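This document starts with two versions of one protein chain, written out as C-alpha cells and named structure 1 and structure 2.
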Structure 1
C-alpha cells in the first residue's frame, strides 16, 4: 500500500559561516516522512537533528535543497504560514495567561471566532486531560502539566505536522516514561504526523514508527525501532542505540553461511551479504544475546561459539544484572535476567556462548 508523504526532504544542507569558519550542520539529507507517522530524529547533541527540525518549521533557512509539505514547496513561506506547529524543549508558555488563554492565543492570532476558539480549546484540553486546570497559570502546575498545555496549544490550530524538540528532557524519569506513552496515544488519536527530536535512545525505541539516526549532519540509518536495534547499518548506529559488543574478525570462506575467524580466536558461521573472503569486519552482538554458562566443559555447537571468560564486574539493576567479562584480552558485556539464569559473582570463571543467529556483520 502506497503511503502519503507528509514531508519530503530532498538533498537539504545547512552550512553556518563561510570559508575556514564554515560548519556543516546538515549534510545533504534526503528523507520522506509519511502522513500519520511518528518519526524520531535521533542522535547525539550537535548532530544536526534540531537544525533539520527548525528548517521544516521555517526558523532556519536552507543553504541548499528542497522541503515539500504534502506536495507543496514551503521554502518561501514564513513560519506562521506553514501548516506545522512546534513544541519546544522549555514549553515557552506565557506565565501571565491561564491555561485556557495560552491555548487560545494562537487561535486568536488566526482571527478565529470566539465560538470556534472556545470549542477548539475545550476539545484539545480534553484530549490532553487538562480541562480541569483551564484557569490555572503555568506557575501553579507541575512540569508534566505544563507539557500537556504546550501540546494542547500546539495542537489547537490543527497543524498537519507537529514538531517536538526534546519536549521530555526537563522531566524526571518516571514522568518521562508516562508522558512518552501519552504522546504516542495522542499521535494515534489525532492522526497528525509527529516529528520528534531526541538524544534518548529509549524514548525513540518506545514511541517511534520509524527512527532516523543522525551523526555529524548525515543520516546513518532509517528504519523501525526493531530494525535499527537488531540490524544496525554501521558501528555508529550499533554503539549509539543500546550497548553492543564488537568483535574484530576476518572472513575466511564465502557462500550461504560464511566463516569468520575472530582476532582473539574461534570461528562463527554467519549468513551475510556483500562480504568477500579476506575482508576484515566487525561482528556485533548485543549484551542480552550473550549467554553466560557455568564452566562445566560444555561443547561448542556449530551455530554458536563458546569461550572461557572471567566475571570482572557485576551491576545489579533489579530485573537484570549486567556483567563485564574478561575474554581473550578484551572486555565483553552480558545482560542476564534475574531468576532465569544461575547467579554469578565477581571473579567467577564462566563460559560465554555467542549464538551466530544473533550476530551482525558490520563493514563500517
Structure 2
C-alpha cells in the first residue's frame, strides 16, 4: 500500500544568529511524514525538535530548505494560513475567554457559521470529555483539564496535521500515563496526522507509529519503536532510548557470519551486513538480554559468549532487579526478572552470558 505523504521536509536547515554567534538548530533535515500516522520527534532538550515543529507551524523561518504539506508549498504562508494546528507546551489558552470560546476561536477566524461552530465545539469537547466545563475560564481548571482544552481547541478546526509540542511535560506522572493512551486513541479515532515532540523516550515508545530520533539538529534514526529500540542506528540512539551495554570489539573475518573479538577477550559470531573486516566496532546489548547465571550454571544458548563477573551493586525495583556487574575491567548492566532466577547478593561471583542474536553491531 502506498502511503500518502502529509508533510514533506526537504533539506531544512535553521541557523540562529550570524557569524561567530551562529547556532545551527536544525541541520539539513529531510523527512517524510505520512498521512494518518503518529510520528514522534524525540531528542534531548535543545536538539532542534521544537524548532522543526515551529517551522512546520510557521512560527519560525527556515534558513534553507522546503516544507510541503500534502504536495503544496507552505513555506511562504504565515501561521494563520496553514491548515495545521498546535497544542502548545504550556497550552497558551486565552485567559480572557471561556473554554467554549477558546475552542471556537479558530472556527470563528475561519468564518464558520454559528451553527457549525456550535456543532463542532460540542463535538470536540465531547471527544476530550470537557463538555461539562465549557463555560469555565482556563484559570479555574487543573493542569490536566487545561491540557484537554488545548487539545480540543487545536482539533476543532479539523487540521490536516496536529502538532504537539511536549504537551504532557507539565502534567504529573499518573496523568501523563493516562493521557498517552488517550492521545493515541484520539489519533486513531480522528485519523489526523499527529506530530508529537518529546524528550521522554517512554512516551515516544508507547504512542508512536514511527519515531524520529534527533540530536544536535540532525536526524539520527527514523523507525518504528521496535526498530529504534532493538536495532539502534548508532551509539547515540542506543544510549538515548533505553539502557545499553557497550562492548568495544574488532571485526575479524569476512563472510556472512563475522567474528567479533572483544577488547577484553572473547568472541561472538554475529551476522551483520554493515561492517567490513578490520573495522573497530561497538557491540551493544540491552541489560535485559544479558543472562546472569550462578557460577556453576550451564550455557543456555550455543551462540553466546560466557564471561565471569562479580555483582558490585544491585537495585531492587519490584518487578525487576538491576545488577551492576564487574566484568573484564568494565561495568555491565543486567536486568533480571524477579523469581525467574535465583537472587544474587552483592559480591557474588557469577557467570554472564551474552547471546549473539541479541547483540547489535554499531560502527565506532
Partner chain sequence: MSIKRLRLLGLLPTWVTIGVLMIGPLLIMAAVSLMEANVYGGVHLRFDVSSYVQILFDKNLFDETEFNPAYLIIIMRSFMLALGATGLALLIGFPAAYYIARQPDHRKNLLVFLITIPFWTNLLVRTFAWVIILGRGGFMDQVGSFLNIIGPDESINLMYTNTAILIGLVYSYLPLMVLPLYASMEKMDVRLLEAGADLYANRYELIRRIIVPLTMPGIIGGSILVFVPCLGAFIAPDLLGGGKKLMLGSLVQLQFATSRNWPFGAAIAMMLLAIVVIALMVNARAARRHAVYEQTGAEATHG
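Remember, predicted model here, so these are calculated numbers, not experimental data. Positions refer to the first chain, counted from 1. Throughout, rigid core stands for the largest set of C-alpha atoms superposing within 1.5 Å between the two forms.
Trainee: Have a look at both and say which one is the form predicted on its own.
Mentor: The form predicted on its own is shown as structure 1.
Trainee: After a rigid core superposition, would you say the CA of residue 170 moves by 2 angstroms or more between structures 1 and 2, or not?
Mentor: Not so; residue 170 is displaced by less than 2 Å.
Trainee: Superpose the two forms on their rigid core, then report whether the C-alpha of residue 94 is displaced by 2 angstroms or more between structures 1 and 2.
Mentor: It does shift by 2 Å or more.
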